[in-house]
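Form predicted alone, single chain, as structure tokens, below.
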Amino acid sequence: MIRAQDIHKAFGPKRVLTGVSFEVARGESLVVIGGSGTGKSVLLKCLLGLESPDRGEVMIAGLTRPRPHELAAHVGMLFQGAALFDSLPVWQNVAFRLMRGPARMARAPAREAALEKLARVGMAPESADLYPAELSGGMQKRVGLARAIAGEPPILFFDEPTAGLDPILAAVINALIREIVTEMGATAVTITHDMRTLRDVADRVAMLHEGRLYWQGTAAEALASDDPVLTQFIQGRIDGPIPTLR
């Protein structure tokens, strides 16, 4: 469903991605880890067509080098900060793609579909008419997840889905993501620093380091690995081959 082949991306003299290649099979959940500034967000933007690789090829759902509007019907996205529209009530946030995308769903069925997705992520019907500012951070994440799965796209992207949440809420969001990905049979890519997310969500793990995918394998292999770079990151150790500011 997703293939990146020899992706290179630089900004002036700064080389961010230097030959990233991987594939994600239909129904597979890939978690991409790596330190701050290693290029995870740039890779995500290249996959979504928000940045053009300097070299290499991206294929998503059979589309080569797709533009964002071409991906709209195939991809759902949960942003790091939920990225809800402050001026719209919750249900309109969830139904945004349904009412404004190519299908142009009418208001009444769009609201009904939004209520269904909100229920799926554990939100009460009364929340539908609230505004994002009236919600806690955890509830905003749930609304963002409901919006991502509206229209049941075959591919889901999650950008730091547990950022800013306490450990219990993070576990709840991870469990929802795992359940929804399994139920929908969706292909998922998650960008995260959170090792709990790796444990809860990943079928397979890829680590970005020095501009390339340094390591790839199953979640179980990642957690059991004795690779010095991978284990330093997973265990959060100061000493090791990954340089730190001390």
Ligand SMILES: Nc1ncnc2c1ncn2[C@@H]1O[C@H](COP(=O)(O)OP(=O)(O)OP(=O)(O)O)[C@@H](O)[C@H]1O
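In this text, all values refer to a predicted model and were calculated from it rather than measured experimentally. Note that residue numbering follows the sequence shown and begins at 1.
As for the form predicted in complex with the named molecule, it is not shown, yet the points below apply to it.
Enquirer: Only one of 182, 36, 64, 218 comes within 4.5 Å of the named molecule in the predicted complex by heavy atoms, so just point that one out.
Expert: Only one listed residue qualifies here, and that residue is 36.
Enquirer: Considering the named molecule in the predicted complex, which of 30, 213, 42, 186 comes within 4.5 Å of it through any heavy atom?
Expert: It is 42.
Enquirer: Examine residue 51 and determine whether its closest non-hydrogen atom to the named molecule in the predicted complex is within 4.5 angstroms.
Expert: Although the named molecule is absent here, residue 51 would touch it in the predicted complex, with heavy atoms inside 4.5 Å.
Enquirer: Looking at the partner-bound form in the predicted complex, is residue 14 within 4.5 Å of the named molecule by any heavy atom?
Expert: Contact check for residue 14: yes, within 4.5 Å of the named molecule in the predicted complex.
Enquirer: When the contact criterion is heavy atoms within 4.5 Å, does residue 199 count as touching the named molecule in the predicted complex?
Expert: No, residue 199 is distant from the partner.
Enquirer: Is there a non-hydrogen atom of residue 193 within 4.5 angstroms of a non-hydrogen atom of the named molecule in the predicted complex?
Expert: Residue 193 belongs to the contact set for the named molecule.
Enquirer: Among the candidate stretches 218 to 226, 6 to 14, 234 to 242, 20 to 28, which one is within 4.5 Å of the named molecule in the predicted complex when only heavy atoms are counted?
Expert: One stretch meets the cut-off, namely 6 to 14.
Enquirer: Can you name the residues of 70 to 104 that have a heavy atom within 4.5 Å of the named molecule in the predicted complex?
Expert: The stretch 70 to 104, when checked against the named molecule in the predicted complex, contributes only 80 at the 4.5 Å heavy-atom cut-off.
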